[in-house]
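Read the single chain below, which is given as structure tokens and is the form predicted on its own.
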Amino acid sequence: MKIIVNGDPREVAATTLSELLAECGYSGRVATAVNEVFVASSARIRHALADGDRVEILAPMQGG
């Protein structure tokens, strides 16, 4: 399936948001949105992705 992840086109095998996070190597606390709509962590496992979706994944950064 072809989707946009953080502004970059990607071909992915994932069919749900939680599968996408695993496929992209994200673990721990992140914030997610699909097509500019926030998706809570508890809803990711059942949030189906569709061809052309725009996914934003935000991870906290440390440093100074």
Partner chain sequence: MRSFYGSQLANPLMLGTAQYPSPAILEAAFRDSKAAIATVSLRREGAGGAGQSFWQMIRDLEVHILPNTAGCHTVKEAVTTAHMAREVFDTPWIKLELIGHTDSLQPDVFQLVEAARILTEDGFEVFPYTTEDLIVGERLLGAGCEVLMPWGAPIGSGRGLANEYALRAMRSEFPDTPLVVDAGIGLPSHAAHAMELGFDAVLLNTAVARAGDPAAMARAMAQAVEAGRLACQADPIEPRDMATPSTPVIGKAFLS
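Positions refer to the first chain, counted from 1. Values in this document were obtained by computation on a predicted structure and should not be read as measured data.
Only in words, not in the display: the form predicted together with the partner chain, which the text now covers.
Given that the partner chain is not shown alongside this chain, does Ile57 nevertheless sit within 4.5 Å of it in the predicted bound form, heavy atom to heavy atom? Output for Ile57 is yes: heavy atoms within 4.5 Å of the partner chain.
Exercise: Ala50 in contact with the partner chain in the predicted bound form, heavy atom 4.5 Å: No, Ala50 is distant from the partner.
Any of the heavy atoms of Thr16 lying within 4.5 Å of the partner chain in the predicted bound form? Taking the distances in the predicted bound form, the answer for Thr16 is no, it never comes within 4.5 Å of the partner chain.
Residue-level contact is defined here as any heavy atom of the residue lying within 4.5 Å of the partner chain in the predicted bound form; does Ala40 satisfy this criterion? Flag for Ala40 set to yes.
Sequence-ordered list of residues in 6-32 near the partner chain in the predicted bound form, where near means a heavy atom within 4.5 Å: Contacts from 6-32: Asn6, Gly7, Tyr26, Gly28, Arg29, Val30, Ala31, Thr32.
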